[in-house]
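In the block that follows, a single chain appears as structure tokens, in the form predicted on its own.
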């Protein structure tokens, strides 16, 4: 039997198995796994690992800005960075501006995303829980295939108070969506920030001082407790330390549908990176802030335990130079007025493979689970994405586990003018990326046509179905 493409001679790795085999593709999907398979086209994977294409379920690409325009990272440049790094599917963010609805920005975001070269879906950010948004627009958005909502418990102008957060949880429960949460205490951050600025502590390094670990831990505890009250599944975004992971683990031990995610920056950056002369520390500012090397070691323990089961990039790129990015408020801006976020679309898989697999902290199968299989399952993309098996989309990355590379911004292929990982040596590197049976990257050169990505509509799925356990048996979400 002849196939469209056969990847030959590689070691196929999934979230559970590692086997030497050929992978055959027909009509953009995996058709067979075996030996001696023949295809119209062949791709030699001798000496390489064949991994599922990466699934990055937390990244900001061309996100709309209030007042017009969008983030500097475009769908074209962002897709290029993803494919260069072995990521074939992303879930990004459609935003809402306070005082407005969510339908119009989502329509504009869909229009922009039509230029994507990666396959994509969206989280819908909710910043204004008005009656119209809660009762009319959220059900419409979820029905259109956007089956996840994002809320911020901090940040102006994104912050939701507890009452608004509860309303979003209830709306998600009624519509059948998962809620993702940025957990930091809004009032505590503002209080510490005001005190730091009055004390003259304005440099980028004080960003970390403004939001210590207990601020993230408290908000995580509160987010979980309120989700438990509503009986609504949630994912805690970008867990930075073991104290926060412990809140997730405690919820999981009670049987709650709570999941935890972390990001590469929390394994290789520390708060000390922000303590640099002048404005240089701004390159490493993100929220929650990076912690310490001791915290990094404890996060790996939580990965091995399965408490944290997804590693996303949280790519939120802002150029260092120019007037739009980190210096939008001037090169002498205090830490409060410097845009948060670091770029990482391309770097995600190489860093986690190198720090995890190459250094013996996790095995190959765990690496696949946290970067592809688990995010695909949690966000309703499985069994189309996230593994290598007959019937799945033929999304794969050929990986050289022994290639050593020193990261530079040229490798990243994003539009951002720096990488916080400049000079970091990694072991393990993507050699080729296959998206739905087409070779879209080879030896760092991306060759996918603009607009060839596909929107991934997500229907209902059991993983995020509420447990049916409510205080006193009373379902308040049906009434408020």
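Just so it is clear, the structure is predicted and the values come from calculations on it, not from any experiment. Numbering follows the first chain given and starts at 1.
Same protein, other form: the form predicted in complex with dihydropyrimidine-2,4(1H,3H)-dione, not shown, and the subject of what follows.
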Q: May I ask you to state whether residue 182 is within 4.5 Å of dihydropyrimidine-2,4(1H,3H)-dione in the predicted bound form, using heavy atom distances?
A: yes
Q. Might residue 257 be said to contact dihydropyrimidine-2,4(1H,3H)-dione in the predicted bound form, defining contact as any heavy atom within 4.5 Å?
A. no
Q. Can you check whether residue 341 is within 4.5 Å of dihydropyrimidine-2,4(1H,3H)-dione in the predicted bound form, heavy atom basis?
A. yes
Q) Though only this chain appears here, would residue 75 touch dihydropyrimidine-2,4(1H,3H)-dione in the predicted bound form if you measure heavy atom gaps against 4.5 Å? A) no
Q) Out of 164 to 172, 222 to 230, 284 to 292, 128 to 136, where are the residues with a heavy atom within 4.5 Å of dihydropyrimidine-2,4(1H,3H)-dione in the predicted bound form? A) 284 to 292
Q: Tell me, out of 393, 216, 247, 314, which residue has a non-hydrogen atom within 4.5 angstroms of dihydropyrimidine-2,4(1H,3H)-dione in the predicted bound form.
A: 314
Q) Just one of 209, 320, 279, 155 has a heavy atom within 4.5 Å of dihydropyrimidine-2,4(1H,3H)-dione in the predicted bound form. Which one? A) 155
Q. Using a 4.5 Å cut-off on heavy atoms, what residues in 81 to 102 are near dihydropyrimidine-2,4(1H,3H)-dione in the predicted bound form?
A. none
